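The chain below stands alone and is given as structure tokens, in the form predicted on its own.
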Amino acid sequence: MKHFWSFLFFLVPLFGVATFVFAPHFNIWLPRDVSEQGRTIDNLFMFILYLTGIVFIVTESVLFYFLWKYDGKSNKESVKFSHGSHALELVWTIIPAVTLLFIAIYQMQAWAADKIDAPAIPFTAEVTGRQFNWDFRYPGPDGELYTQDDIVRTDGKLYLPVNEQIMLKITSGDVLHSFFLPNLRVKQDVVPGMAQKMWFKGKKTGGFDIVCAELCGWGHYKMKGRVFFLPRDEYDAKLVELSAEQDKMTVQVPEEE
């Protein structure tokens, strides 16, 4: 078949673009955003996607054109080798460099809001990653961590108040992990020996996924959890319930015969 390879290579960008166009209609696109800052992250993501998508379509179209025009079965002229063009090399070096610099500057505000400008509020809870689970510690009635009234949970369920600014302290008990909340568009690498911070505001009640985004060992796949956003009164009641449940925990010792 004439121009077979030209058509074959043309299918790659065609299916690639079609995937991004139709994915949202089949609910296989980004998870539902339930956070205050998620729109900023999504807008930045879409901007970079459109920008790189345009470059992708243009370069693949040029590739298709050259495959079509210089098909070996249609051109009987002998091949001519060129040593390249210094001017062209400068152009396709400077344009990507300027584009990357523009993206770096464009996203600075989003990066600062997500990673630098931390709100001056106390920690809502502490997250500890360990092979292979997420542990959570809440401050008790005194509002301070590492005191006698702390509430410690190891069931992978994190409860937080909705429509309130949240500040998490994130640590690791062993190796590298990455605390990722897809529905809130936030992720923080968890490094042993370092206390990291993460802040966000959930805007929807309900339960959402917690995953580890860093390959941390053979049981990495088991580091799944859930974050539950509750109205303030239900959140306070849940902490009371967790505290009472913790106080009732006992260990049964077998009687001596």
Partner chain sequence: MSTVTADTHAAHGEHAPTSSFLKTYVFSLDHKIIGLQFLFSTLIWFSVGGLLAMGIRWQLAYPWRPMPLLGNLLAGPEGGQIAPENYTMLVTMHATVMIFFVIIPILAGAFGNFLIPLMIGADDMAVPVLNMLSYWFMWPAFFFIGSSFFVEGGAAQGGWTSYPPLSVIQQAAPGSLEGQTLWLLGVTFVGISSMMGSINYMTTIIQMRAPGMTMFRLPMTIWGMFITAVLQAFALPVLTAAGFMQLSDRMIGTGFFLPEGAMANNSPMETGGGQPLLWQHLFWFYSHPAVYIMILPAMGMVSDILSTFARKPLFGYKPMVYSISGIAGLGFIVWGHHMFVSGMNPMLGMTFMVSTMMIALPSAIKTFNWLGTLWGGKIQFTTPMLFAISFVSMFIIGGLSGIFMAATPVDIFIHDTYYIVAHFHYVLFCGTAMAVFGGIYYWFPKMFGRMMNDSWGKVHFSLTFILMNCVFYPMHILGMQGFPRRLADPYHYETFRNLLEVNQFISWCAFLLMASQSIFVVNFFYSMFFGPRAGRNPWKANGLEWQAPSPPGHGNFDFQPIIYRGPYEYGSPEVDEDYYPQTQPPKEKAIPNDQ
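What you see is a predicted model, and the numbers here were worked out from it, not measured in a lab. Positions refer to the first chain, counted from 1. Between two forms, the rigid core is defined as the largest C-alpha subset superposing within 1.5 Å.
Keep in mind that the form predicted in complex with the partner chain is not shown, yet the notes after this line are about it.
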With a 4.5 Å heavy atom cut-off to the partner chain in the predicted complex, the contacting stretch among 119-127, 157-165, 73-81, 136-144 is 73-81
Check your understanding: Quick one: is Arg39 in contact with the partner chain in the predicted complex, heavy atoms, 4.5 Å cut-off?
Key -> no
| said: How about Asp209 - does it come within 4.5 Å of the partner chain in the predicted complex, if we only consider non-hydrogen atoms? | reply: yes
Exercise. Would Glu89 sit within 4.5 Å of the partner chain in the predicted complex, counting heavy atoms only?
Worked result: yes
Would you classify Ala213 as touching the partner chain in the predicted complex, given a 4.5 Å non-hydrogen atom cut-off? yes
Within 164-182, the residues having any heavy atom within 4.5 Å of the partner chain in the predicted complex are Gly173, Asp174, Val175, Leu176, Phe180, Pro182
Taking the rigid core as the frame, does Trp92 move its C-alpha by 2 Å or more between this form and the one not shown? yes
Is_shifted Tyr65 between this form and the one not shown (CA, 2 Å cut-off, rigid core)
yes
